[in-house]
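So this first bit is one chain, no partners, the form predicted alone, shown in structure tokens.
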């Protein structure tokens, strides 16, 4: 980047400034946005533990050993083996953060009339105004979101007209080749009034890389989005992601977040209930072992009357793993009749594992029903003794109890096939959990 900056640049930002290059084929507004976003990141640098929002997540490894964007690798269909949903889906594969038509072609991608689904790169050409409004959204603050805006190479776009119901799940597969680089994507979900869709995002890879994603969702009145995220990154990978959703009147969001892999994995969900009677259900689970870190951060903003939130996050930590949940529900002054419940339950397996949990309520209205709670403990000794007394080996008994503990978080998923898929992924991860 040849421009002389008129402010101090954080040392950790220098490799990203050096890696930046303008694409002459992009529209001028996008090139300007990228430069402004990179400058803001260069001035702020990586968030640190001094920031309350990043208190439980350490990005210093990225500061010490930078991972600027790199070139795309060549993939084969074999890299997807074992992680796909199976069954009929509308599938789009982002290989090293770039749309892969070869891998996406494995499944039909026709969607009902009035719904457009494809890569962000294509949408920048034929859906320019819709995409521009989302990409240039200044509400998406924060250094990593700014870095994403500067470097995103692709993403997906789902734009559904009013009244459209997409019956099959939309499957987004983010796969990394393992080349040491950062991978940035930015995606848009736009559901018209009364439309319905289910999106499953799967993140997988191998080697050392950093995935940094932003997804923007806008739900019109009466729309219903189910979004499931499964993070099974490579053992040396870093995963950071931001999901920003705005719900109109009577709209509904059902979300599930599952962190199962990566040396450091963080999912942040920001949801604004902007319309009266909007509903948000957000459940999740994380499993950490070894020296891994996992962090689920949620912020639910009740900005209109009659909204409802249900939140259940479950965590399991073994070895020297560190898991954390930070959840904040805010009820604004005029958001009367709001109903919000937030629960965090956690299991620690071993003396060196750590779980931090920080549920918060900020209530400014007086006619509301809100509660939150958190617990951290070991396996139920009485239940374990009962299973052992029935002849079940100790290791199998412990696994049964852990699996039963985590299962509750997935029970809120209405689609039986998706629920079974998640339970299979959880079971596979439990088989590798250090106890």
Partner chain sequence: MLEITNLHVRLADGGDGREILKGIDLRVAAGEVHAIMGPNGSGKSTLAAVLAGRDGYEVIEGSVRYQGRDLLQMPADERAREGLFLAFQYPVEIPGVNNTYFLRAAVNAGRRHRGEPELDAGQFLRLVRAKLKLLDIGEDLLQRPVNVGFSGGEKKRNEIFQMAMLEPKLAILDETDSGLDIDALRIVAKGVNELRSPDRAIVLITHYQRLLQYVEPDHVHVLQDGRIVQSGDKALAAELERRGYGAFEEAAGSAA
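Positions refer to the first chain, counted from 1. All figures in this text were calculated on a predicted structure; none of them were measured in a lab.
There is another form of the same protein, the form predicted in complex with the partner chain; it is not shown, and what comes next is about it.
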_Check all three, 27, 30 and 35, heavy atom within 4.5 Å of the partner chain in the predicted bound form_ = no
*Hey, of 51-59, 35-43, 369-377, 382-390, which bit sits against the partner chain in the predicted bound form at 4.5 Å between non-hydrogen atoms?*
382-390
*Quick one: is residue 401 in contact with the partner chain in the predicted bound form, heavy atoms, 4.5 Å cut-off?*
yes
